[in-house]
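In C-alpha cells, the next block holds one chain alone, the form predicted alone.
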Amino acid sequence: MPANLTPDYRAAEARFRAAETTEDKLEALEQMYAAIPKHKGTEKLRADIKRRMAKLRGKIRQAKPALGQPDAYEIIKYGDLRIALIGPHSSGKSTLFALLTSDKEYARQDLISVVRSADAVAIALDCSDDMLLDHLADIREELAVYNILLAGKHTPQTGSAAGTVSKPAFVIANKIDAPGSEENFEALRDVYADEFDILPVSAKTGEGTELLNKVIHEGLTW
C-alpha cells in the first residue's frame, strides 16, 4: 500500500531537514508523526519516526536531571520459574507485584543481579508517561552494558557477542486507564509490537490482569 504522504507531512519533513537544534528537530518529527496517514503502508515509517523521536528525547534528557535508575522485584512461580519484574520508579511495580503474588511485603533488588538470575523478564511501563519509549530504551541499553540482552518473543534470532546472556522478555503496559495513556500505548505498539508481546494492564482497576496472570502462571512459551 503506498504511503500517500500529505503536504503537511512534506512541509514538516522539510522543517526537519532545515532544523539546526535537537529541540527543533524533535518538534519537526512530532509534526511529521501527527501529519502522517495511519494505514498499513505507513507502519514502518511511523515506527521509524518514533525511534528517531526517542533518540532525540534521549539527547535532550542528558542535559536535564536524571530520570532515576530502574529497579526490580522478583516474582517466583511455584518455586520454579523466576520472573524479574523491572521498570522505572513510576511504573506501578509495587502494585503489580502485590497483584501477581498476593504479597504486600516486597523489597526492591539490584536490577542487574535480579535479571541475570531470572528465567524471564517482565518490563513494567507507565502508559501515561510520555517518556515510556525512552524508559524502555534506557533499560535495554543499561542491561546491554552488562551483556544482558532482552529478547522478545518476536525478536529476530541473530548472533550475539561471546558472554552475552539472552533473557526472554515481555512488556506490561500499566496504567492503561490513565488519561493520555491511549496515544502512548499506540506509540509503544508502533515501535515494539514486532518484537515484544505487550500486555495492556491497569493494576489499579484490574483490567488485563487475568491475561497477565495467565501468561505468568502458565509459563512462557519461548
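Computed from a predicted structure; not experimentally measured. When you see a residue number, it is the position in the sequence shown, counting from 1.
Missing here is the form predicted together with a small molecule; even so, the following discussion is about that form.
- Of the residues given (V165, A178, I60, A35), A178 alone sits with a heavy atom within 4.5 Å of the small molecule in the predicted bound form.
- Heavy atoms within 4.5 Å of the small molecule in the predicted bound form map, among the stretches 40-48, 191-199, 170-178, 26-34, onto 170-178 alone.
- Residue contact with the small molecule in the predicted bound form: T95 places a heavy atom within 4.5 Å of it.
- In the predicted bound form, at least one heavy atom of K204 sits within 4.5 Å of the small molecule.
- Residue contact check for T101: none of its heavy atoms lie within 4.5 Å of the small molecule in the predicted bound form.
- Contact annotation: A72 falls within 4.5 Å of the small molecule in the predicted bound form, judged by heavy atom distances.
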